[in-house]
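A single chain, nothing else alongside it, follows as structure tokens in the form predicted alone.
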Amino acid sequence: MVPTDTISAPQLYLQSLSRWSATEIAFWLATLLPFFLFPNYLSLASQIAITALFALSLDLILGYAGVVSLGHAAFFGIGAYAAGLFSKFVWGEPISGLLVAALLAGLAGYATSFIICRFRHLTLIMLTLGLGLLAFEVANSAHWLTGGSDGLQGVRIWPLFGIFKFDLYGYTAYSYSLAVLFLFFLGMRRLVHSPFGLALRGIRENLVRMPAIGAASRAHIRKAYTIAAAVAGIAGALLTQTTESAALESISFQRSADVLVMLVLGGAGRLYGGLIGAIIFMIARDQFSGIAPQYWYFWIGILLIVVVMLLPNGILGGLSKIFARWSRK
């Protein structure tokens, strides 16, 4: 063990962030409750896990690097169609499909990152929106390959490890989605609590000054954007594999907007913000759509307004402030 007096203050800070708290352990144990308490909602639970992974990927660039994106669903859709086409024409094994989706989405993210890293603020928002709309129209026009508005047909996913079939009950789908979410959360947790993660926070706060301390801002943004694109592609592949379908909705602007709402609800730049936001948004959508199928976004809008007005930093940000005040007493 390295003596404490030989460790620098930043290293001690990162080590303190890397320690697991009792709350974190309780959170992940709670994700197993649907198997026992809500078996009829396992399909919804798998959708929540997939959406949480997608939100986690956006949080890396938005919450930590300050890169606002309205076209992040492009990478989600690339992963979804990549996994679907791979299973249809090449190989139906799900893990291989995840790797292919991550590779293609990551390559797309890397190619566009050279444009993204050069701009900020409103220009960046318009660029990401434009890239997302371009991806949607490309997928729609290539109907001979993607199925267009009818969606990709003929997707067949083999049983996981040759044993566990993806059935209508959702046991395999939720187990698979939750396992992938947890593994990538561990990787993301390690990443944001590393010197690279600290550099991303510095870029978010002041892009111009970071090169003065040896952190190449554009290079860091390109790396983060590529990683986020690959993770988003894996989330899209999970959706295709667990539902055996891929549709234009997976690459639409609406999906990009929804995941942004999730981060606002949960709290961007807090690691668990995307997870909490995804849980709240997906459950609220399920309940509100049952009340008013045509107007459920009205209730989502009210929820968003209330959270933004009362908790500007999201639910986790608000709870952290309340806990800080309580701890001082």
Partner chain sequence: QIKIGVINSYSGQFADTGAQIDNGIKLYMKQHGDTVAGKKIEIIRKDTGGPNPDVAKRLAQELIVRDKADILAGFTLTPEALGAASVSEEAKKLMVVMNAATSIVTTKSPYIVRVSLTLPQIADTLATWAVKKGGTKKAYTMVSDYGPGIDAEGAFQKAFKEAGGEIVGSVRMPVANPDFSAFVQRAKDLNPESIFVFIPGGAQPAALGKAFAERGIDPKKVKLLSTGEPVDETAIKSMGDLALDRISAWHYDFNHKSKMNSDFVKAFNAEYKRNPDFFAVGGYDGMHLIYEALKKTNGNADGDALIAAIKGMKWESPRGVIWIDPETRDVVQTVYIRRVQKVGNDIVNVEFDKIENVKDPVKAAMKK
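Residue numbers count along the first chain shown, from 1. Note that the structure is predicted; figures quoted are calculated from it, not measured.
Here the subject shifts to the form predicted in complex with its partner chain, a form of this protein not shown in this document.
Taking the partner from elsewhere, L44 is found to have a heavy atom lying within 4.5 Å of its partner chain in the model of the complex. Interface residue remark: Y297 is counted as part of the site for its partner chain in the model of the complex, having a heavy atom within 4.5 Å.
Heavy atoms of I234 never reach within 4.5 Å of its partner chain in the model of the complex, leaving it off the interface.
Its partner chain in the model of the complex comes within 4.5 Å of a heavy atom belonging to L168. Here the marked residues E93, S96 and S177 all miss its partner chain in the model of the complex; none has a heavy atom within 4.5 angstroms.
Shown without its partner, this chain lists A247, I221, A102, A108 as candidates; in the model of the complex, only A247 has a non-hydrogen atom within 4.5 angstroms of its partner chain. Contact annotation for 129-144: residues with any non-hydrogen atom within 4.5 angstroms of its partner chain in the model of the complex are N140, H143, listed in sequence order.
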